[in-house]
Structures are given as structure tokens and as C-alpha cells.
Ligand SMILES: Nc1ncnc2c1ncn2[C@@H]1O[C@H](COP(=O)(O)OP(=O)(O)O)[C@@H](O)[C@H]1O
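This document opens with one chain alone, in C-alpha cells, the form predicted alone.
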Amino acid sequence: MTAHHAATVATPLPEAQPLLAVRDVTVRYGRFTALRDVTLDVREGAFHGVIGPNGAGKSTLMDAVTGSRRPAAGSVLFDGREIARSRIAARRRLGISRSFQRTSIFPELTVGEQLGLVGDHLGDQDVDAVLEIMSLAALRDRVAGTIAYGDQRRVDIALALLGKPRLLVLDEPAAGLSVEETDTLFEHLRTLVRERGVTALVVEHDVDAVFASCDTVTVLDLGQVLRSGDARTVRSDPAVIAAYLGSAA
């Protein structure tokens, strides 16, 4: 007796929907095109870095994601929802929080006071946990304007963490920091991603910090995506080396 068995074909599992999906986004300032047809996926739980030379469009991309700038074309999807025309406050309620190049702390308040005020406004009473994860508990009663600049940067990120955002967008968080302060800051960011389940999208000029810490890296050049992928692959890409990294690769 001959048995005929139908061949079993494994059905591939669908790829998980990215938390943030930027699709063919173009942003213009008058006649100048800052971004042209940019497409980018940020998966949930990723530490995703964006690098590129000055004028590449990095901050403009952050503006398009967080609502400071509306694209002329394309879409921005957050957890599958179109947000390209949503206001900044609406995106914050959805779970997108941003920290800017310049600190936005309240220098006359203590570290604890300002986190408490913002936490109350956002209905987040988890201030102690935020202080702990950013190693700021010892500075809780210090006036923010009197602490070191590196500590102020961490306070700024702590403020952005309140409200339990799903996506933390950081625009040059290490600006003005020493190498040691940058290493400490990125160590805290890795902890955030790993232990608190925060997805982080970071623009940074310190390429060594990005390649050492981020699991995915996107390179922008002249307003377009030059390369995107895992850090090791991107760093060794000839086009990236020629356009941006040079001998630093």
C-alpha cells in the first residue's frame, strides 16, 4: 500500500509591524528640500541611531517624527496609525517624547521638584524609578542649575521619560559632553531600552557611541537614506565610509 502525503510547507511568520514607520517622507523649507523620499522603520524595543554629516537632514527627520514639521509628502505611522498631520501634543499622548539638543530643564528648581511637577502634569507618579534609572537619586535635592552639565542632560532625558513614553526621540543627547560623560549617558540609554522597554531613536554626532550602543543605524546624506541596518554592516559599508566615515571607520 502506498501512502501519499501532502508536502508540508512552512508558512513564514509575518514580520512584526514596526513601532515607527516613516514612508517616503519629503520635507521642504521653501525651495530647499531637506528630506527627500525618506523611508525608515524603527522596531519596538530597538535602540536606533541616526547619523550623517551636517546638513544631512537628521534634525528635520526628528521634527517630522515628533510633529515640529509637517512633511510635504509621505506618511509617518506610529503603531500602525497615521500621525503625519498630528500635532505635537497628540503625538505625546500616543507615547512619543522628545529631548532636544539644548537642555530644557528648570534651572531654579531642584531635580526632584521639576520631575515631580512634570510627573503630576502627565499623571505619572513614577518619579523615584526615573531618578533611579538615570542615576539621579543622589541629586534629587540639588538645584538643577548648579549641577554639572552632564547631569543636566540626564535630567532633561528623565523629564522626557515621564509619562511612560513608548518612543523616546533624542536629538544629539551627547552635545557638549566629554567622552566619559557620553559613555555614561549611552550606558543609561541602553539600560532604558533593555530594562524599561523604551524604544529609542537617537540622532548623534558621536559615531563611536552610536556604533557601540545602537543595534540599528541609519545613515542620512543630502536628505536621503544612504544605508540602514545593523551597526556592524553599516559601519563597513563602502558607500558610508566614502560619504561620511572616511578613515574613522
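Remember, it's a predicted structure, so these values are computed and weren't measured experimentally. We number the residues from 1 along the sequence you see.
Keep in mind the form predicted together with the named molecule is missing from the figure; the text below concerns it.
> Based on heavy atom distances of 4.5 Å or less, which listed stretch (41-49, 181-189, 209-217, 25-33) is in contact with the named molecule in the predicted complex?
Every other range fails; the passing one is 25-33.
> Residue-level question: is residue 201 within 4.5 Å of the named molecule in the predicted complex, judged on heavy atoms?
Outside the cut-off, so no.
> Whether residue 56 contacts the named molecule in the predicted complex should be assessed with a 4.5 Å heavy atom distance threshold; does it?
Heavy-atom contact with the named molecule at 4.5 Å: present for residue 56.
> Just checking whether residue 60 would be counted as a contact of the named molecule in the predicted complex - the rule being heavy atoms within 4.5 angstroms.
Yes, residue 60 sits close enough to the named molecule in the predicted complex that at least one of its heavy atoms falls within 4.5 Å.
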